[in-house]
Each structure stands twice: as structure tokens, then as C-alpha cells.
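There is one chain below, alone, in C-alpha cells, taken in the form predicted on its own.
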């Protein structure tokens, strides 16, 4: 088996005259978390559907676990887990029943349903009907459902969007646990802060094209600038902000002047965010 769990080679898809995915190529290593980032309508969800065999490419090829997705979708789908943004649970059934039904569909005969519910923070609620669950609980159940078959690749589409902090953190913890188990994670989101925390590498997609692909750290080094921000007491008693760009030949002299001549109240370093970098590359924001 290849060390690359996912390979997209010139992958292309269009809806009529609209090119949703425009000849993109990338790979994701086994055990890696790739954050696939972009605004609504950028092509994120279409890419996931191509990679999971729900759509057949108009051009190019998607390979998962060494298999051509278009030619062998059933074999691929048996080894992956998928959690989309929109809940598609059986609301009249309990959480346990939803998980057991999905296990039967995957041919999974034995799994610890109580332990899986506990992993996603739903212990004690497994026998309750899903219609009684909050949005966060439903999202956690969907993540749990995607783990039933112990997938080698896990696709998560906006897994924490609109969730309360506790639910969002529970899902982030599961993502990191799955990476530690050796699973590959393909995380689509427009939440740049979350992607920065979780991802080994990030890919920016805009208008169907990948416009940047690297580690968050290297992207910040390449496109961002590091700043020292200080709040100083002004002559009128109010606070004023001073910014000094780090890594400049003038940085030492400027810092000496700041601390010797100003009444510094607070000081901290600041680096560009992934959202700042996305805007710099594409000229537009994420919404």
C-alpha cells in the first residue's frame, strides 16, 4: 500500500457551465490531518463527494488507499467514515439504534456501542430518541456513526459549525484521537482558527482551485508578518497602540526606543492568522 492515503490527480468536476473543482492535484499522507479550507461555494463539498465516490470525476482521478475511487467505490466506502455538515440521522430511532443500524450496513458485527457513545460525549443518552437531541448532540452522534467501522480515512465536513464550545471541543478531541490511532483526516471547514489548531497541513481552495498548500507555520512565515504590539499610556491618560515589525534590521533600535521613552502598559507578539493569509492570497474573505 502507498504511504499516501489520498491522491487527487488533476481532479475536475463541473455542474453545467460552472466548474466546481478545477483540475486540482494534492495528496494526503497516512495519519495526516489535512485542513481543506475555503469559503462557501469554493468547491470543498464537491471535492469530498469526488473523493468518497458519491460523484464521478469529469476529469482526472481520485485514489484512496491505492484504489481508484471511480472504479472501486464500494471497496473504498467500506474503509472510510464520512460526516457531513447537515444531519441525516433517523430521528425516531435512539442513538444506539442509529449506530447499530449503521454497523449492520458496514457488516460490523461487534463493536462497543457504549464506549463509542462515551467517546463523543453522549453517555447516558444512547437510549433516547434522536429527535430529543440538541444540534450539538446530533453532530456528535454523526461523528460517532462515522467511526463505527474504524475507518482508515475520516472525512469531516464542517464538523463543529454552529456548535456550543463543549460540543465543539468534544469533536476536536475525537479528531486528534483518530489521528493518534493512525487514521487519515480530511477536514473541510471555513473556520481558519480550528484548522490552525488541528491540521498538519492546510490547503486553500478558492473558486475550485487550490491556491496554497503547506503547513500553517510555513504559510505564516511565507505570507504573514510577525508584529510586536504594545499599549502605552498617552499624554492624555488614554491608551495608544504601537506596532513594531519583527525580523527587521530596525527592530532592535525600535524596541529600545519603545521601552526607554514610552510608558508601556502591555506588550505581546502577534502573527498573521490563516484567515489573514487567505485574504492576502485571494483578495476575499471566507463567508
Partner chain sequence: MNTDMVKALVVKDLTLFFRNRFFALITVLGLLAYIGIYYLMPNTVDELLAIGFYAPDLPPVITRQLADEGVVIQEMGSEEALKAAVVAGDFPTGIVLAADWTQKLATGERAQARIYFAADFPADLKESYVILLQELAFRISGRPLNIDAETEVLGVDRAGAQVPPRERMLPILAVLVLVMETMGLASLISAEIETGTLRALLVTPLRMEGLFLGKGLTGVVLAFVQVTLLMAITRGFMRNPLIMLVALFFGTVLTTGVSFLIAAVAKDLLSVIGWGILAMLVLMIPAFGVLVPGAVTDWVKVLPSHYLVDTVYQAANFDIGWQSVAGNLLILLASAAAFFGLGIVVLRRKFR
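Numbering follows the first chain given and starts at 1. Note that this is a predicted model, so its numbers are computed, not measured.
Below: the form predicted together with its partner chain, not depicted.
When contacts are defined as a non-hydrogen atom within 4.5 Å, none of 12, 17 and 63 contacts its partner chain in the predicted bound form. In summary, among the residues 40, 54, 248, 221, the only one with a non-hydrogen atom within 4.5 Å of its partner chain in the predicted bound form is 54. 82 is the sole member of 82, 213, 170, 96 with a non-hydrogen atom within 4.5 Å of its partner chain in the predicted bound form.
Under a 4.5 angstroms non-hydrogen atom cutoff, its partner chain in the predicted bound form lacks residue 133 among its neighbouring residues. When its partner chain is considered in the predicted bound form, residue 78 lines it closely, a heavy atom lying within 4.5 Å. Its partner chain in the predicted bound form comes within 4.5 Å of a heavy atom belonging to residue 87. At the 4.5 Å threshold, heavy atoms of residue 118 stay clear of its partner chain in the predicted bound form, well away from it. Here the chain stands by itself, but in the predicted bound form one stretch of 133 to 141, 190 to 198, 203 to 211, 99 to 107, 99 to 107, has heavy atoms within 4.5 Å of its partner chain.
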